[in-house]
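Only one chain is included here, represented as structure tokens and corresponding to the form predicted on its own.
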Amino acid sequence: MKTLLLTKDEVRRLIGMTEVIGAVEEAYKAFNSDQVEQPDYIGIDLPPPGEIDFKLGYYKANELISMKASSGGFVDNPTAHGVPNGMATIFLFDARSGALICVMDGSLILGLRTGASGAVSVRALARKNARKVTSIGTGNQARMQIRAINEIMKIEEIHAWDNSRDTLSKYKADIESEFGIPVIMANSKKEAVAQADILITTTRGKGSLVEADWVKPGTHIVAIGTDQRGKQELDPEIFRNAKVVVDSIAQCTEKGETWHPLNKGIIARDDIHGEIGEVLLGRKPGRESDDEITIFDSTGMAIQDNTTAGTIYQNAIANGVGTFFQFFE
């Protein structure tokens, strides 16, 4: 059996955001349908501010096992080592034999599937008349969230905040050029949050960036940045009267944004409404009124990598893309 190697450029050609949104929705449904085996992921903190995570998942339906190694925070990498400050690699194994069938760059997949997760939550939990998006943070993932959400709804305007005015200005120029959506650069986080129908947080925050009294009724919050203990973006008080939906209860109560209100006793585990897969499968309701504040806490799951990488692998085979190599004679 030969192993397929896919570079970042090849991965880029093999999948688009609409297909990724479908793969992520499939992943969430599979997770809540006894189709997935997914051990706790492992994160290792490296010399500040670096980190590397390892996520492993088995999906019974496609008979694939995926393993992803993703690193981030290495701000000196481009100058010191000539590589990006964040990277990812995905390995696919055939569950029937245990053989390694594909090695692909995972950097683009990580961004795409995380962006798609926000869009899936917006479709399930945001108000149907939501039109204004606020982005706290304006990096690569903030852009991915807009790309994905733009696929499933009409965004009329974006209010954005970043602690760097230069970074914020570049975000405005990039988004307006790519999508033609007007971007209003907020003078403060409070000013930006007050405008939100949909609030996206995509920072590497270490404390609450968004205060509870800034959030208006009916807001849907996509909490992306907190995926390790110690990170935080939201005032835990926001959770007190919100409908809380998570990707994985096991992960979010240990490493996600939801850990903070649990740790402070603001909510109990039973106050978590459910997992997004349960909502998508119709086992639990999504938004039930236009005044509800809904929160989607996303820590990221291996099964999202599995379904997305699996789709890319099938597309590569069908289109003859990639390079084969052989470990075993």
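The shown structure was predicted, so the numbers you read here are calculated from the model rather than taken from an experiment. Quick note: we count residues from 1 along the sequence shown, nothing fancier. We call the rigid core whatever largest set of C-alpha positions still superposes within 1.5 Å between the two forms.
Another form, the form predicted in complex with a further copy of the same chain, is not on view; read the next lines as being about it.
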Option from 274-282, 62-70, 260-268, 290-298 whose residues, in the predicted complex, bring a heavy atom within 4.5 Å of a further copy of the same chain: 62-70
Which residue, Arg165, Lys128, Arg96, Lys154, is the contact with a further copy of the same chain in the predicted complex, using a 4.5 Å heavy atom cutoff? Arg96
Does any part of Trp214 reach within 4.5 Å of a further copy of the same chain in the predicted complex? Heavy atoms only, please. no
Is Pro39 close to a further copy of the same chain in the predicted complex, meaning a heavy atom pair under 4.5 Å apart or at it? yes
Pro48: touches a further copy of the same chain in the predicted complex, heavy atom cutoff 4.5 angstroms: no
With the partner left out here, check for me: in the predicted complex, does some heavy atom of Pro84 sit within 4.5 Å of a further copy of the same chain? yes
Though the partner is not shown here, which residues of 1-28 have a heavy atom within 4.5 Å of a further copy of the same chain in the predicted complex? Met1, Leu5, Leu6, Thr7, Lys8
Would the C-alpha of Val75 be classed as shifted by 2 Å or more between this form and the one not shown after rigid-core alignment? yes
Establish whether a shift of 2 Å or more occurs at the C-alpha of Glu37 between this form and the one not shown, with the two forms superposed on the rigid core. no
